[in-house]
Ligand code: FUL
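A single chain comes next, written as structure tokens; it is the form predicted on its own.
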């Protein structure tokens, strides 16, 4: 048995090695760090600062630094809950629009050093960075370029100050996985707006944190999805044209950000930001309005299930802790997600394909790994795949994945179930990308057919899985 298993593994690895040489790239493709980010799928946003204590969403920058005084801040609790909830990282609002810095920024007089918390000797970023490292999750930072407190905002020197502040963050803490730039650009305390030097900001970030992906309306690595509801387009290309656009009010239209561009010149996939509460910061009167586990599952299906990533905001309360209602909802979300995707009913099914390129095994479509992939003949823009299950099974959910390292190719597909001797359509879709999850009326069948009906180039599929889940779409 052991010899058979080893032999099979060697065959698969040999085929995979051969495939890596055969696969041709079509259009833009993800970088290594973009692939690592994509595979995270789901991570936390944490809005925390003076707004937590003032009950505001956008602080004025005039709130006294002394208002920031969490009574029991515990970043290890944040990281532990994130890990236990299945989130892969935390992005913290190191500096929001009010200008308050959660670290002792030597280029600002509006920081934790001016607060009574830990007698002005605290550093939220240090504590969170260490906690994330301890719990095996990744650490990211949000640094708003807008600053409603700094006296130099709106002057030529402010860009220097922003670069120096960002340099501290990227140099003094553990490796960050994502740098988050908000496009907001309002007036500072002197009534002036700032001309942000984003090219310089980007050069600095690339030099100091080459491993980090950078988020903004237009990337360069990740784009905003065009809404704050956690909903990616039912058509969602990880491609985007950015020429002629800028961050903030100069960004592409929201519907373009939501769908991407079919022939976009840049690989800039979408990130779906949404809060577990109505607001982004913690407010006591929202404790009863936390999204339920089921609501979060619906969001998961419209974000991760449409090829994007889910950035779920979980704001700490005035103690500096994730509140009990939020934690309970997060654990319910995890339980529902694990129950839904626990049993892949397509595994070990027999696969029949319309055509197959030499060296590409159809059985790799149902081996549980996206990286091991299959493709039809090189010039085929359409194809069909039939799965014959071991016995008739009941299911209502399908997950498809492309091998996007060779580019995003699929434009349209259909799914059918064999009912007696008739193929019955059950669902259809457009893009697949890294991951596409669709639900449909529950089926009881032994045979399923997936047909790629339109593609930009020969489709390369990594995985097909079937599940029986509650209805979340």
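Just so it is clear, the model here is predicted, and its values are computed rather than measured. Residue numbers count along the first chain shown, from 1.
Heads up, the form predicted together with the named molecule isn't pictured, but that's what we're talking about next.
Only one listed stretch (23 to 31, 435 to 443, 405 to 413, 43 to 51) carries heavy atoms within 4.5 Å of the named molecule in the model of the complex, and that stretch is 43 to 51. Of the candidates 374, 103, 180, 395, 180 is the one whose heavy atoms come within 4.5 Å of the named molecule in the model of the complex; the others do not. None of 280, 173, 196, 135 but one reaches within 4.5 angstroms of the named molecule in the model of the complex through a heavy atom, and that residue is 280. Residue contact with the named molecule in the model of the complex: residue 58 places a heavy atom within 4.5 Å of it. Using a 4.5 Å cutoff between non-hydrogen atoms, residue 223 does not count as a contact of the named molecule in the model of the complex. Residue 96 belongs to the set of residues with a heavy atom inside 4.5 Å of the named molecule in the model of the complex. Although the partner is absent here, residue 381 sits far enough away that none of its heavy atoms falls within 4.5 Å of the named molecule in the model of the complex. Contacts between 129 to 144 and the named molecule, taken as any heavy atom within 4.5 Å in the model of the complex, involve only 142.
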